[in-house]
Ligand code: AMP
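Shown here is one chain on its own, the form predicted alone, set out as structure tokens.
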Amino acid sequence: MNMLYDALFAPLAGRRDPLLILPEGGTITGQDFLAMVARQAHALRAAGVQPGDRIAVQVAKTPEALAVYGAAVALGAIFLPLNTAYTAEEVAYFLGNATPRVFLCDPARQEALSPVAAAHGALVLALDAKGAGSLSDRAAGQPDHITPTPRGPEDLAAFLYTSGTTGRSKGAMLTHGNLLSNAEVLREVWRFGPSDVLLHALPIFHTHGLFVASNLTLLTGGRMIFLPGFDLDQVLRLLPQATIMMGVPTFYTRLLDAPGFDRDLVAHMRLFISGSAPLLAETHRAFEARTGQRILERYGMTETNMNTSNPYEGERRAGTVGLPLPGVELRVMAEGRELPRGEAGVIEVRGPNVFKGYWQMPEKTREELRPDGWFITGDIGVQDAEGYVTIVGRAKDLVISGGFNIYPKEVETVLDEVPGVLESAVIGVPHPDFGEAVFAVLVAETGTALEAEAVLAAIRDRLARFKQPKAAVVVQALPRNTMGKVQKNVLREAYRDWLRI
């Protein structure tokens, strides 16, 4: 038995209908994709990959790139996808920490990255945005079938590295059981089935696009419209073929900016899902007003995959990430005790989805993963009387001003409601009297001349004085990572001297 292979890939044998629908109109059947997986697995085995070895991948999103994931699973290897935006210096850290047997990169970067890989003992293979390269060359002519290496629920399937906004990135060790249990729960919660067609515009170096979107489709026998990235015109053209779309909040704001995006275009759609970054309640309401559909927001992490979800049937509450998934326990903690409903504290989760720990970082593992299985997420949240969870912010983003704890999300929600404010980010900056002061970074709606002082005046009666920003600045856009999360560490660095006297 190979747990993931048997559930996700083996059922593709003999499947003659399309698994992947490509943007230019071509398709790849299930059985052809499985043959691609097998050929790559044989090529990687010939390159020296053994069970338990790591295969690091930093390449463009293509069917061939997705097949590498399947090949790693088949070999009992550990799949390590890397953000395509990482620099050579960042890649050097990951290769040094994970010590992969093979490093797969874009041919255009092979010359620059080969010395980095060689320094850590990795064989470099190449795969380009068209699916060509030395890996494909090695796979050509290999057998179309492979007997998978046995792997059980506790065996490692993947490493995903955290974004590293504070300190070095940590490699979360995810098992076959972690990944499959989560996909099986989501299949039931979101009603995925073989008739579904997922519009897949997410990257596959991240849990959202790989372990949620791709695993679910493979598990349930559906199809994917497999796009290399989010291109608005392409998405609008292909949406009529889909039944489900997964995206980050930016996808939905860009759709709302498109005049052609209306109720008729999405009348056939079954479900829109958002995650990876907070969805503004305003976006949720605007989307419903335009389309008649309520976006389903959920909450997951690199270390856990999905933890909560708004219900498929029932109220999808704007501003919340819904209810704990079946089999996932969730509690809100402060100073070693569980808080009652309605109070803000650090979210902890426990369940079959929770990772095994951080690769080669036992101290970090002990800090964040309790011996009894509870994972300390570092997210500050509140659970209401009915169980719905609202994320208030990250513990590291908490502002402590004059001894008072201030949750940025609370201030941001009020700021975002001021006319002319598109979105906001609240941070703490050094202050000589208060230690930290609340500082707001504002983005104006298109065509609006926004005055920072006027915005602060508008919220003066809506928040306690200690929560009110001491100053604000208007910028064109907030810095975000590739998954749409606001990089508050960048903002803190940029404005750290703003209030110094």
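In this text, residue numbers run from 1 along the sequence as written. Here the structure is a predicted model, which is why all the values come from computation and not from measurement.
There is another form of the same protein, the form predicted together with adenosine monophosphate (AMP); it is not shown, and what comes next is about it.
Q: May I ask you to choose, among 394, 270, 356, 101, the residue with a heavy atom within 4.5 Å of adenosine monophosphate (AMP) in the model of the complex?
A: Only one listed residue qualifies here, and that residue is 394.
**Q.** in the model of the complex, the residue from 301, 235, 139, 406 that sits within 4.5 Å of adenosine monophosphate (AMP) by heavy atoms
**A.** The residue from 301, 235, 139, 406 that makes the contact is 301.
**Q.** Contact segment among 412-420, 398-406, 192-200, 292-300, judged by heavy atoms lying within 4.5 Å of adenosine monophosphate (AMP) in the model of the complex
**A.** Within 4.5 Å of the partner lies stretch 292-300.
**Q.** in the model of the complex, residue 185 touching adenosine monophosphate (AMP) (heavy atom, 4.5 Å)
**A.** Because no heavy atom of residue 185 falls inside 4.5 Å of adenosine monophosphate (AMP) in the model of the complex, the answer is no.
Q) Using heavy atoms and a 4.5 Å limit, would one call residue 321 a contact residue for adenosine monophosphate (AMP) in the model of the complex? A) Contact check for residue 321: yes, within 4.5 Å of adenosine monophosphate (AMP) in the model of the complex.
Q. Taking heavy atoms only, is residue 181 within 4.5 angstroms of adenosine monophosphate (AMP) in the model of the complex?
A. No, no contact at 4.5 Å.
Q.
Can you tell me if residue 348 lies within 4.5 angstroms of adenosine monophosphate (AMP) in the model of the complex, counting non-hydrogen atoms only?
A. So residue 348 does not count as contacting adenosine monophosphate (AMP).
Q. Hey, which residues along 172-203 are within 4.5 angstroms of adenosine monophosphate (AMP) in the model of the complex, non-hydrogen atoms only?
A. Nothing in the stretch sits within 4.5 Å of the partner.
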